[in-house]
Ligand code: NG1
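Let's start with one chain on its own, the form predicted alone, as structure tokens.
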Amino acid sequence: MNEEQSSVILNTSSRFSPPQGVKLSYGTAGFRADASLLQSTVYRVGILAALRSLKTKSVIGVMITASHNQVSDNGVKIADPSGGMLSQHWEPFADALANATSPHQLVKLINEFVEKENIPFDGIRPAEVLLGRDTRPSGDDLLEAARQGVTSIIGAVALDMGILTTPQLHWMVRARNKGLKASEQDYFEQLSSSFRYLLDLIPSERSKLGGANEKLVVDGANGVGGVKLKALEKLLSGLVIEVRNSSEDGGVLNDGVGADYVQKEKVVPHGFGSKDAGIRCASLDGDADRLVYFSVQPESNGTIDLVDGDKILSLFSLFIREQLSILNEKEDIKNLHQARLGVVQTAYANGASTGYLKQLGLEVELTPTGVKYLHEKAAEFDIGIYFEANGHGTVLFSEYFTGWLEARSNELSSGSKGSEAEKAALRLLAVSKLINQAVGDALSGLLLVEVILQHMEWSIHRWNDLYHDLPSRQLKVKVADRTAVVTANAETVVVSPPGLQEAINEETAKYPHGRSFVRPSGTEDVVRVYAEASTQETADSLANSVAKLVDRFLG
């Protein structure tokens, strides 16, 4: 950087003093903390985003959100050129920027990184950054801090895209970098038109009035997703949605509502009760990147039948496998590409879901915990599907396979859907446009669930009966040094300390359908324990036994 650029950063950064005694780390969720601590960090992320834009010669995104956290928290994350998460290679630089103690140290760090990464300041292509925020009251001020960070890089442009869901911002970044239309209205139109197209491709002998056609009731977590879903519904036909707990309804964000609450507590969110028994319900999280379904049990005092991310993954896998089977069985498709379909999970996926997917003959891969690992592995397939039980996930289509599907679509005569194989190709192409290719998206995921249920003429109860989860339990064990636990094989095997894995194996073997693993937390000095078994009592017992082993080996 030249002296003028360094001077601008020195002057602007002096307005944003970092909080004393606070060390922040950029993880899968970006930076998150109490909103009062974040102005300096968000300003510095704005700088990072502008530098990332210069380095990649692409549009970058900055999203102000803390997702399912309480309303007093906030956070910031980067959307890379693909619409995905910030390159892991840049995460240490993000940490260093956030924790620099003075403007001079900040400038020194930036200068060193710019030289190391050979980031151009030639003015040929100025940095361009899209800014978005959710509905949190702190979002306005933090977005302004991000804007000032971006524009402290001379020539950089920051575009305020307004209040958005997190997936909308990621979608916009991806679209802009592909030279496509990228407004919020373009997002709504792509989703709604793809949904309608898939409805039109439902086999004619099916009534389209099956178990999935009654009203869907959606819990919006008192966040941004409810408002956006109401706007999207105006463009839809063939689906009736009632939205509760929208941000405009006056409730507190993520307080007794939302996908995280429903999935973990397995009870109805605020505003739902016995009157909703048997109805198909869904819940978004605060920034609408997670989705779970549920039905209220009759006379249950608020308990639910949860249909979580594992079940969503299974539904998507079943439908896509069916379309690929139709393609592979028919001989009237020219130049057929034998697509490789893969399913990606973490060790936290319920063992019953993994068993069901393998029974379908699907290729199932495990990765370490974290969306960045799941997304990266899914991208290795022609079609890669990943979901966590918490409801975050998506379906990725390779550019090669999407191109093949596009070519098939272009070959069809105008107004004709062609043979069954051609219809299958058209369905897959429509899925690739409906489901968000950048990141997990509750709104696009919800529409794909709904059209598949109509295609199969399934109720939520038929869907939930695909398999039955094994009872499980998660525990945390406080330890002096979590780094003493080192794992391998997607965190399913302990390699250090010696002997701990053998002890876990011996304990697990005592329980029917027993499975257990431990892993160090990424955020606090605890070791997380997960256990499954044939009954809740035995799952609890196994988890407690393994927790005692962790305490003994690390005590």
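Numbering starts at 1 and follows the sequence shown. By rigid core we mean the largest C-alpha set that fits within 1.5 Å across both forms. What you see is a predicted model, and the numbers here were worked out from it, not measured in a lab.
A second form of this protein, the form predicted together with the named molecule, is not displayed here; the remarks below concern that form.
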Quick one: in the model of the complex, does every one of 73, 136 and 228 get a heavy atom within 4.5 Å of the named molecule?
no
Answer range among 430 to 438, 183 to 191, 382 to 390, 110 to 118 for contact with the named molecule, defined in the model of the complex as heavy atoms within 4.5 Å:
382 to 390
Just one of 33, 490, 500, 29 has a heavy atom within 4.5 angstroms of the named molecule in the model of the complex, so which one?
29
Does residue 521 reach the named molecule in the model of the complex if we count a contact as any heavy atom within 4.5 Å?
yes
Heavy atoms within 4.5 Å of the named molecule in the model of the complex: does residue 356 have any?
no
Residue 290 versus the named molecule, in the model of the complex: is there a non-hydrogen atom within 4.5 Å?
yes
Would residue 348 sit within 4.5 Å of the named molecule in the model of the complex, counting heavy atoms only?
yes
Out of 356 to 382, which residues reach within 4.5 Å of the named molecule in the model of the complex, heavy atoms considered?
369
Large Cα move at residue 362 between the shown form and the other one, threshold 2 Å, rigid core:
no
Classify residue 267 as shifted (yes) or not shifted (no) between the shown form and the other one, where shifted means its C-alpha moves by 2 Å or more with the rigid core superposed.
no
Once the two forms are fit on the core, has residue 482 moved its CA by at least 2 Å between the shown form and the other one?
yes
